[in-house]
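So this first bit is one chain, no partners, the form predicted on its own, shown in structure tokens.
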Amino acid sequence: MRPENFIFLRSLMRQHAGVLLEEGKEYLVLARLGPLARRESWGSVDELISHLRSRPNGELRRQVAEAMVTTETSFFRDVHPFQTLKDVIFPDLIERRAGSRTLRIWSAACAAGQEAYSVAMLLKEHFGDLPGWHVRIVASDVSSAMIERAKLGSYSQLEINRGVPSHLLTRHFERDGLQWRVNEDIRQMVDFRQINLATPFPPLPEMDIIFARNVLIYFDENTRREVLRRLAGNLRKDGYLFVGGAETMIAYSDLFYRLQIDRTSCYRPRR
């Protein structure tokens, strides 16, 4: 890849999504953009980026930016946060919100939807339909392609094997050819929307729980602080923010304070 093309792509990712593409990551660009280059019949990734540089504001810009965004996730990822939801956080919120009977949850970087569907299944399994309650799970991602895939709720056997226990597979999925599809009642619990966290959020209600797991590490420092500031504004003062296990919040103690619940760390806004 020509150096000038890599420099252009680094600038594009910072402008589009606040993503910091580090020097020496040309191999990552080739891996992420290779399928797009082949699908669009470009001779190479380098040729694709050269064409984009000459026409930087069309549909190809969106396709390239979305292909570069990390979309790796799995059902019930890391286990412990979901155990804490079941044992502590959902019971706490159900008691606190008994007056309004509302529960709002946001999966803020949902990729193909596994996290949001995991939350929906957890609620359904352990707290039933919460009759008379208004439960809303918003799931968002910067990638329109990921959002469309998440809405389908269709997953390969490999994706199912990564986190779905057999009893949940039996109760909440159905066979769809070589795929497994999330049942309609679970899909109806989730509202999927395209949201770029690096730009001002669209109007959203205050949330009781926000998941922003394993996404902050990809932003540059200024974007990360601004995203966290906006998340704090969208989280109820007694709500819960979840970030990734490898994401430190020490530098943002003016925005959030830490709660340690069993083996899970989560955060509340300072307001």
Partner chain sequence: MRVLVIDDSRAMRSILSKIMSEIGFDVVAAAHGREGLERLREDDGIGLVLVDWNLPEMNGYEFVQAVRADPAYDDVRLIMVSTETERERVLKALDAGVDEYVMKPFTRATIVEKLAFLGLADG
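Note that this is a predicted model, so its numbers are computed, not measured. Residue numbers count along the first chain shown, from 1.
What comes next is about the form predicted in complex with the partner chain, which does not appear here.
Annotated contact segment (heavy atom within 4.5 Å of the partner chain in the predicted complex): 173-181, selected among 173-181, 90-98, 145-153, 110-118.
Using a 4.5 Å heavy atom cutoff, Gln157, Asn161 and Arg263 all lie near the partner chain in the predicted complex. Pro165 belongs to the set of residues with a heavy atom inside 4.5 Å of the partner chain in the predicted complex. Though the partner is left out of this view, Leu169 does reach within 4.5 Å of the partner chain in the predicted complex, counting heavy atoms only. Though the partner is left out of this view, Ser74 does reach within 4.5 Å of the partner chain in the predicted complex, counting heavy atoms only.
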